[in-house]
Ligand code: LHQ
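First comes one chain, alone, set out as structure tokens in the form predicted alone.
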């Protein structure tokens, strides 16, 4: 698929998806939503991709939904089908992708963009980054998985506060609340994200994916079910080449050379 509204690049085991409508702070149009969902699907199918980075071009991550497109479509625009056919695909593709996903938050992430950030596994932010749930400003409800994702990270009281006040949360406060893993100076963001991406792409990617699967499933499991599922996944991991290489490297006191299988 040829992309017009995002950039897609694969190098050194890392796929980088860049939201690329900088003149509109990378606001999502229907076309860009489709391209982003497709890019994550492509990452899942490409064995050469062992880690994914999503970021925005210019000074923002994404302003969320392009309201100009909504207004232009008038009565033919229906939010429910738009969410189900679009943003839901992105969120489920990120959460279901059994490869690490890094959100490189270079500026503001608003609305559905916060859902994309929180669906990602590792969130590295510029000190110029911020998060804002802007839905209540136009009489809407948080979407794109936010009602599921956000309370699990910061608790319901703080999540509800952000939803109803639509107040902007700065990078340092977001870090303190656990929404970001790291905050770095803006001019160091690209280098720091690259360090993370190379580290994850060079790791035992099958075990990374199985760990993600186990943690996602554990939300809906009892302790007994989670323990049983861990044992099942551990059996799976123990039969990988990466496990054999890791054990051999440990015993031989050398750095492991993982191949992601």
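Numbering follows the first chain given and starts at 1. None of these values were measured; they are calculated from a predicted model.
Same protein, other form: the form predicted in complex with this ligand, not shown, and the subject of what follows.
Although this ligand is omitted here, in the predicted complex none of 193, 197 and 208 has a heavy atom within 4.5 Å of it. Taking 241, 252, 23, 9 one by one, only a single residue has any non-hydrogen atom within 4.5 Å of this ligand in the predicted complex, and it is 23. With the partner omitted here, the residue from 134, 179, 169, 102 that has a non-hydrogen atom within 4.5 angstroms of this ligand in the predicted complex is 134.
Of the candidate stretches 147-155, 103-111, 120-128, 90-98, only 103-111 contains residues with a heavy atom within 4.5 Å of this ligand in the predicted complex. Mapping the unseen interface onto this chain, residue 201 falls outside it, with no heavy atom inside 4.5 Å of this ligand in the predicted complex. Residue contact with this ligand in the predicted complex: residue 83 places a heavy atom within 4.5 Å of it. This ligand is not drawn, but in the predicted complex it has no heavy atom within 4.5 Å of residue 214.
For residue 37, no non-hydrogen atom is located within 4.5 Å of this ligand in the predicted complex, even though that partner is not displayed. Of the residues in 60-92, those that come within 4.5 Å of this ligand in the predicted complex through at least one heavy atom are, in sequence order, 63, 64, 65, 66, 67, 68, 70, 77, 79, 82, 83, 87.
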